[in-house]
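Presented as structure tokens, the chain that follows is alone, the form predicted on its own.
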Amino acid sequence: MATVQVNGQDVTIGDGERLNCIQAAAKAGVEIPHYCWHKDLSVVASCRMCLVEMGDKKPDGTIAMQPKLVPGCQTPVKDGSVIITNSDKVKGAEAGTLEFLLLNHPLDCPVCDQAGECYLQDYSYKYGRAYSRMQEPKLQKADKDHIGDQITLFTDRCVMCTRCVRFTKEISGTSELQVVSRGNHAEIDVFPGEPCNNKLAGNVVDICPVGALCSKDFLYEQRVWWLKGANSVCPGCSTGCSIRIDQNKDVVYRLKPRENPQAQGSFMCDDGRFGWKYIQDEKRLRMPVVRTSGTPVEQAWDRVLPAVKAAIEESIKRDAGRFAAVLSPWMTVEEAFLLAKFVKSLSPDARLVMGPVAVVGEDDLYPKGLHGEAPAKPKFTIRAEKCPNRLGVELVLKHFEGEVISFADAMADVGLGRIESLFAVGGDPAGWVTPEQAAQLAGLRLFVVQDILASAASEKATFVLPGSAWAERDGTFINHNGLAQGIAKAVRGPGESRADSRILFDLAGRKGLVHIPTLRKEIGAEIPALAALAVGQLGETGVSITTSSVAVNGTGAGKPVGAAG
């Protein structure tokens, strides 16, 4: 075990750890300011903000310091390394570097989207001077709205850290961004006719340490200090990116990736980043509906739920083998468990079916090669499986049903008259049923739809139960690799919509309030394949589900997706 001294404090470094000064100091709780360094990108040491004093502790206990300051990002530590970050020499270098970076920086903090989470603001307060000695006019550079469909560049705010350039070269592999000109006139730009529109482009906004690169989607929408965050999981595909939902007054404004080495790492794709707008769609279901003689009538929950439960019980009592419940891969593990256990408690002959698992194309791997070819060792993968919890729902189905019955097989049985009553949970914003299938389902004796958006199915259903989107409920998603992560309620649903877990909890006649950690413990005790959930709280990075009963890199029913990233 190596020992490094940071400002007189000893820090132990693991045998397998290879750290630079910034990382070693962080282990001691000491911040070394930096702009250009990012742990997932190559080191260029261009901003010079992280200059520190560096030395070595000799066997006799004496310390020999290097005569010049060194960039902390580029300097590895070893046993006996000594780092000083709080000397007058270092403080003078930090103040001078900040003064240089701010020479031409505009004083537009009041209108800048980055205000409140800007490294320039924070470092200027902590390490800079309280005044400027600049007397000459500032160099002004034109803003560049053409950088990309989702991003815009305020050129005069840029500190030329080149994080964005290195990201498009090393992570996305598309290399749209570059540095043009030299010296004081250097600036970021795109190659002519090649805007930064790759599927990971939104990440350059996140990694920009200042307000240079901004999201057009979020631009001037909200001040960041008004936003309230909740940790969750992106539902756009089975990668299961850890994210933070930023909202104010029950309105979602943006999603940002949350670092998780067990899931996606540090980034997320633009499909997930900007694909949440359906949460606030005008087509959201807002009230329970009962359809009698073809006429839909809105009713209160305390009337609809007992009627639904009575209709299900009557259908199963009449012929349990002709009743089926469709469990959507957009359901949480807890919701799938509640519905499956309720149905099977009424009759073991009632069937449980896996809802449609959307698979679009093949896995999209990054960084791309020169001609767009997939890499041998991907750093990021956008999965072809476009649902968040296929694996978790399959584990519940295998426990209660013993097999995974596909939605296509269930529809075939509907056509043959082998299913006459159906309880279907939707949740897929892209739609889970075609108009032709909805017309076929309209002939059932009982057709209950629990969903978030109006669809061809909800127009034909006997009962319509308005559920909640993923950002409006708590629960567990299990990604393609068996990582169970918690999703958290960030906003309230529209109208009289309810969290799916609450709907199913009440439908099953359970007493009390829904408490997800308690449900996880119950699931972990009852389903061996989900025993890891018995911890209750999954933490920020989740827990791994170990199972041999379901292929973790599949799209359901044993159909492989492709290479894993």
Partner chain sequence: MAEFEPVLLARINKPDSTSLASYQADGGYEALRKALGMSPVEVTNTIKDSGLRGRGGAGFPTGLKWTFLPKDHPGPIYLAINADESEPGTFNNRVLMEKDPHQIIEGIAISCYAIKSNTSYLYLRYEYGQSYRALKKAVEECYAAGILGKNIFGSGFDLDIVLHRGAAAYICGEETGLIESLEGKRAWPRIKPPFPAIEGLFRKPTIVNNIETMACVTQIMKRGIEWFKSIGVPPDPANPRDAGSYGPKLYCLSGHVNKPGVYELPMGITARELIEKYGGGVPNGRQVKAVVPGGISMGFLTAAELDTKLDFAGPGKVGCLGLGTAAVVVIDDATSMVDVLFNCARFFAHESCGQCTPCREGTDWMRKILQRMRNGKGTLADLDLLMEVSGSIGTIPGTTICGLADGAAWPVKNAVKKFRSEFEEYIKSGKKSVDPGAHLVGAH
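Every value quoted in this text rests on a predicted model; they were computed, and no experiment measured them. Positions refer to the first chain, counted from 1.
The same protein also exists as the form predicted together with the partner chain; that form is not shown, yet it is the one meant from here on.
Do Y253 and the partner chain share at least one heavy atom pair within 4.5 Å in the model of the complex?
Contact check for Y253: no, nothing within 4.5 Å of the partner chain in the model of the complex.
Would V179 count as touching the partner chain in the model of the complex under a 4.5 Å heavy atom rule?
Result yes; V179 sits at the interface with the partner chain in the model of the complex.
Answer for E99 alone: is it within 4.5 Å of the partner chain in the model of the complex, judged on heavy atom distances?
It does: once the partner chain is placed as it appears in the model of the complex, E99 has a heavy atom within 4.5 Å of it.
I'd like to check something about N197: if you look in the model of the complex, is any of its heavy atoms closer than or equal to 4.5 Å to a heavy atom of the partner chain?
Contact with the partner chain, no.
Which single stretch, out of 145-153, 184-192, 410-418, 223-231, brings residue heavy atoms within 4.5 Å of the partner chain in the model of the complex?
One stretch meets the cut-off, namely 184-192.
In the model of the complex, does every one of Q9, H38 and C118 come within 4.5 Å of the partner chain, counting any heavy atom?
No, because Q9, H38 and C118 lack any heavy atom that approaches the partner chain to within 4.5 Å in the model of the complex.
Exactly one of N104, T168, T381, N481 has a non-hydrogen atom within 4.5 Å of the partner chain in the model of the complex; which residue is it?
Among N104, T168, T381, N481, a heavy atom within 4.5 Å of the partner chain in the model of the complex occurs only for N104.
Please tell me which of I452, C269, V159, L338 lies within 4.5 Å of the partner chain in the model of the complex, judged by heavy atoms.
Exactly one listed residue reaches within 4.5 Å, namely V159.
Which of the residues spanning 42-58 lie within 4.5 Å of the partner chain in the model of the complex, based on heavy atoms?
Counting only heavy atoms within 4.5 Å of the partner chain in the model of the complex, the contacting residues of 42-58 are V43, V44, A45, S46, C47, R48, L51.
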